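Single chain ahead, written as structure tokens, the form predicted on its own.
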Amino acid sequence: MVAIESKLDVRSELFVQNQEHYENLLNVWRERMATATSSGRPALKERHNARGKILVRDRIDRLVDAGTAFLELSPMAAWGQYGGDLSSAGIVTGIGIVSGTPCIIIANDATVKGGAFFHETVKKHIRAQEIAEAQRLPCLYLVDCGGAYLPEQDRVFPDRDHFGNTFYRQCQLSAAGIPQISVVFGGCTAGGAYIPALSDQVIMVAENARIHLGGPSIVKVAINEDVDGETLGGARMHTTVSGVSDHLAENEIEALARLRDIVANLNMERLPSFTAESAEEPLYSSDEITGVISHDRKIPYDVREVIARLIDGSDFQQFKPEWGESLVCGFAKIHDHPVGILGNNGALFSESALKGAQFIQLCDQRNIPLLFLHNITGFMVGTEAERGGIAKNSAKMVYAMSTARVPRMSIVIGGSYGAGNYGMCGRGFRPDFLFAWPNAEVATMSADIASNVMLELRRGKHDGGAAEAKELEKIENDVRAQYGEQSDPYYATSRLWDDGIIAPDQTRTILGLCLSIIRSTPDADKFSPVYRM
């Protein structure tokens, strides 16, 4: 390995401008993160606490091992939608260490729309289950859920990837030997009742927890029976009469302690992960990354300056450094975990695409996880590029990336446009983890190019004149507004096009956590399912 020699001048005017610009982006990110993770309105949180219930993130803090990290996923899901009333889509998901075992945690937030499932809630729930399946992580459900949000039923209930798919996945995970354990903290009605009912083990909290397919009002309408909620589906009844619940806890603290005990006895052995204790820090501070990223997308920068601030000892064995230079490829380590890195230094030409395809195949052969750092306008266009076979050569890179058997991770560190997003393992290619920085943009093309394309198409239909000039001006304004809104990183993360927006100086730590999980994932064997009945 040869350490990257940084050429960054931290005293230059450009570095200072870049850092000042990025600090403004980070201030917006911090403010929005604080809002998104603060749960529901103060009055709803007070009512929640008055019932003897703990807020959702406090439950998670009490559940995970002391001093360990909880990697929260998509904390700004549903941001800017539903009038701002659906903080984190009403559900908290992430990876945490419980009794020494890494687990997926899926926790409803009853202070946000009663923990009901909206379109984004379902999508976020399913994404957590996808990660659990890929990495063989036990699923711990902290259930406080009113089921599907009825006014949204057409976006939540009937389709293949709607609410029912969460239950299908839960069954498949259990059948694959991946434990499914629920703690019920509040009312679970209709679809919400199936989360614990389909679990391998269930804990219910006395007085507050309830499970029923139809609540008292539905029972009254359906069969004209008058019954209170506790009698119909209370924790004591389900633990002592129906057998739906396996354990009764007198309060939430006891329930979480019981859950920790169950996880401690899962016998979920994982492969030893490489230790990160001896990992060398990068030669250059991660705080300098914000001075690397250009405040103007038209000003290029060298992605190696970013890589040098992410990898152990800044040691980077670059692959084909003098060929296909617009794609930087090389081998490195992050927290002692080997990784093959692909980063953009401009548009992808045929040479760059072929180089990328070969490098991906090398990593696949050597069982080295892949990391894609997106800052890509796309594959090169034009007569020369087409005559040089860019269509076929870019397809080779897409094919190699799509069929690679090793884990793949993506970080959108700048723009990620068009087929360039595809070649660099965008969301459609199901990377194991995908995060974005606050300056990220994901779109078919930039607003400048999109508006010019639409204008050229329209000009071909008219001969000119004042009417056309007005129409063209409106088209340009509309396209720029649309692309400006839809390529915004918060628009993307709101719709779960990524697993969350992270700060540049968090990236090395988060990648280390993800690589640790990936590297310790055992191979799947044949397991027998647990039959609740």
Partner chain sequence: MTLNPVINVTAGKTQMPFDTVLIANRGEIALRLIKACKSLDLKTVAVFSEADKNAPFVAAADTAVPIGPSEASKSYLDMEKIIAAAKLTGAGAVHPGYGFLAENAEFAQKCVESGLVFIGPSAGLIKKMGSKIEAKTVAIEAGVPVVPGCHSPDQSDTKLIEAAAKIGVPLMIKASAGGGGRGMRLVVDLSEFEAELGLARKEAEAAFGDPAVLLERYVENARHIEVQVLGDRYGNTIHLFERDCSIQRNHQKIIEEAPAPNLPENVRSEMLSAAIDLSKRVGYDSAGTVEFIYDTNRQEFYFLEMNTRLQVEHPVTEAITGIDLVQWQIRIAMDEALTLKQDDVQCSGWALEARVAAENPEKNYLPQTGHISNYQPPEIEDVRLDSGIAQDSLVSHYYDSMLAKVIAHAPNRNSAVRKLKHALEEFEISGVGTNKNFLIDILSLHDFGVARHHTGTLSVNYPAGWKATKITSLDQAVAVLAGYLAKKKNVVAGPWGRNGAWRITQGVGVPATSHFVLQDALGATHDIEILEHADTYTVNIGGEPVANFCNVSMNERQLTFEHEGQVRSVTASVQGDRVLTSSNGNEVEIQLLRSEQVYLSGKGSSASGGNQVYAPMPGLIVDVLVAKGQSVEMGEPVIILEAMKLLQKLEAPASGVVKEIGFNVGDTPEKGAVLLTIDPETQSS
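The shown structure was predicted, so the numbers you read here are calculated from the model rather than taken from an experiment. Numbering follows the first chain given and starts at 1.
This next part talks about the form predicted in complex with its partner chain, which is not shown.
*Asks:* Can you work out whether Phe70 and its partner chain are in contact in the model of the complex, taking contact to mean some heavy atom pair no more than 4.5 Å apart?
*Replies:* Close contact exists here: in the model of the complex, Phe70 approaches its partner chain to within 4.5 Å, heavy atoms only.
*Asks:* Does any heavy atom of Thr509 come within 4.5 Å of a heavy atom of its partner chain in the model of the complex?
*Replies:* Answer yes; at least one heavy atom of Thr509 falls within 4.5 Å of its partner chain in the model of the complex.
*Asks:* Decide whether Val64 counts as a contact residue for its partner chain in the model of the complex under a heavy atom distance cut-off of 4.5 Å.
*Replies:* Close contact exists here: in the model of the complex, Val64 approaches its partner chain to within 4.5 Å, heavy atoms only.
*Asks:* Taking its partner chain as it sits in the model of the complex, is Gln19 in contact with it (heavy atom to heavy atom, 4.5 Å or less)?
*Replies:* Outside the cut-off, so no.
*Asks:* With its partner chain left out of view, choose which of Asn367, Ser242, Asn267, Ser278 has a non-hydrogen atom within 4.5 angstroms of it in the model of the complex.
*Replies:* The residue in contact is Ser278.
*Asks:* Give me the residue from Gly114, Pro438, Gly187, Gly96 that has a heavy atom within 4.5 Å of its partner chain in the model of the complex.
*Replies:* Contact with its partner chain in the model of the complex is made by Gly96 alone.
*Asks:* Taking the partner as it appears in the model of the complex, which of 489-497, 27-35, 473-481, 42-50 has residues with heavy atoms within 4.5 Å of its partner chain?
*Replies:* That would be stretch 27-35.
*Asks:* Tell me whether Glu250, Glu254 and Arg260, taken together, all sit within 4.5 Å of its partner chain in the model of the complex, counting heavy atoms only.
*Replies:* Spot residues vs its partner chain: full contact, yes.
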